[in-house]
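First, one chain by itself: the form predicted on its own, in structure tokens.
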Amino acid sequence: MANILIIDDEDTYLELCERHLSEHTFVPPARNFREAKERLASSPVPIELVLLDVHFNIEEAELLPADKSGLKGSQREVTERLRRTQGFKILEALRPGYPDLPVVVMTSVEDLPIGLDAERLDAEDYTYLLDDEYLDARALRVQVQSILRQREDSREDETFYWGTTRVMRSLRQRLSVLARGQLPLILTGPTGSGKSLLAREHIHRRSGRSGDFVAVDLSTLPESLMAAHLFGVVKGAYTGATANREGVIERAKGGTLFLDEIGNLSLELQKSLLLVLQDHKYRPVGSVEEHSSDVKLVVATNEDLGLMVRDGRFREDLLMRLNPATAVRLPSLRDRKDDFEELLAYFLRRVCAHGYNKDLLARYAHRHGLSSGEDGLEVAVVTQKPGAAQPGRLTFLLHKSSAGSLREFEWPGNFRQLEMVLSNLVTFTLVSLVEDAGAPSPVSANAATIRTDVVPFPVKTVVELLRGFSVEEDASGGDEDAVEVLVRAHESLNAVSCDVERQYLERLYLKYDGDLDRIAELLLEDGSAGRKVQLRMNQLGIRLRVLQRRVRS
């Protein structure tokens, strides 16, 4: 079913897996980093998963790092410390070459803390084994099956393009589990990161609920109308209420109710929503009768609800009912450089499938005699001239400089902004080709040599579209340790502050080639506090692995 590599200095885990996970293939185990690297490079079949022990009782010469001269302590202390955590040293050394390889970190040493290091090095999962064959085998089976299921889902789920990175596979799996339960769900993340699309196309579809998906953006509703919109209103409840009108809770009965910008809900209505979650009851405005509710509630915000609770703007009891322990933060577009090309292709197909661009594609296909199916032309985007033409496909050619500009752009509006730019790019490119009456007819003596199936995106158009979103920065000189950041509008001052801090730490990391201790010396006057800087970057959602690649490049 899957090809699995075990990295361990003993055969205990290998024997356990071969007895209880016999449906999988286990390649010869690796005893140290050198052998692990050789197995991964020379395996005749791709290795799909690694099970990695933490404690390695191996010879000092085989321990990482190779150069131990700078490590503090006696030789015996250093050797014991490295043996105790060698698995993390191996994973850290493997990550640059295998950034998305799923790894499960294992240990049977009870007093060995592994959670923080496993997360720091992007391990897929980690587990403490109990020296009980049945329980250990069951725990490993659940973890292995979960990881393999995530990979299978990534090939099937196109409703919202997830990418193929480990982080996004894990996010998809987590949301798939949460979607099926009755408990509410909080989605956080910057504006334009896809919260409403994710709620509709992934969570609702996987919830198994037969009712409708109903979405409400609370930031667009006047406070005076929120109660009636949510809970409904009975005739005569107030001036203008000339008939009974159901609210969105009733419309979403049996389905999913998505409340965007939940922080805009007044304290009074927060109490009413709490009763919906607590007792599954509510009263329409002006009614004395209780109605029953049956909704899967998904709320979204780009504010810090915990901070709002401390400020008295959000009820703590409502936050607890909203299930904050399972809140999911969606990454911004700038945090998804690893799968930007796939996202670019997905959103290009998306903007070509509807509205004016769909009409332009149909007119272009008709003008140039390109065949297309019932759904129109299939579209693709490449950065170098494609091979032979494929029936029913139109390929957009993006110059490498344009691809680089799109990839490195900050995208403060995230996916919403990317979609807008690509939609405009397709429109401006195709309009001139469709409406230019002087264009040569595709039926000519040279028709066989004309690549009407390939349409280049003009470099200048890309530059102009991105320039329209750019903010002029102060280019004046200053302190040699200074870095420039953009101050961008957000829904709260806390979000603005976090955005500025995130940019600042990212730029310092690139400026000092990833030297966290140097950054700590600059910010905290403590050159040994690099770990504190790293933890803060993790809290802000900064992906160090992505930055490390940029440093190395």
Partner chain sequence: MGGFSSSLTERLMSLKHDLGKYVAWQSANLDDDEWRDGSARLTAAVQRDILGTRTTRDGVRWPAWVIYEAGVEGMTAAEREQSAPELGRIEAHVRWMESLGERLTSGAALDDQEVRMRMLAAQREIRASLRELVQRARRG
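Positions refer to the first chain, counted from 1. Basically, rigid core = biggest C-alpha set you can superpose within 1.5 Å across the two forms. Keep in mind that what you see is a predicted model, and the values were worked out from it rather than measured.
Unshown form predicted in complex with its partner chain; subsequent notes refer to it.
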Given that the partner is absent here, state which listed stretch (338-346, 182-190, 130-138, 294-302) has heavy atoms within 4.5 Å of its partner chain in the predicted complex.
130-138
Contact residue in the predicted complex, chosen from E110, E289, E435, D279 - any heavy atom within 4.5 Å of its partner chain
E110
Quick check on this chain: which one of R31, H55, R518, R507 has a heavy atom within 4.5 Å of its partner chain in the predicted complex?
H55
In the predicted complex, E525 touching its partner chain (heavy atom, 4.5 Å):
no
In the predicted complex, I114 touching its partner chain (heavy atom, 4.5 Å)
yes
Is M106 near its partner chain? Define near as a heavy atom within 4.5 Å, in the predicted complex.
yes
Residue-level contact is defined here as any heavy atom of the residue lying within 4.5 Å of its partner chain in the predicted complex; does E23 satisfy this criterion?
no
If we check its partner chain in the predicted complex, which of the residues in 1-31 reach within 4.5 angstroms of it by a non-hydrogen atom?
E10, T12, Y13, E15, L16, R19, H20
After fitting the rigid core, is the C-alpha of L82 off by 2 Å or more between this form and the one not shown?
yes
Following rigid core alignment, is the displacement of the V105 C-alpha between this form and the one not shown equal to or greater than 2 angstroms?
yes
Answer yes if the Cα of V177 shifts by 2 angstroms or more between this form and the one not shown on a rigid-core superposition, and no otherwise.
no
If the C-alpha spacing of A137 and L175 moves by 3 Å or more in the predicted complex, is that a move closer or farther apart?
farther
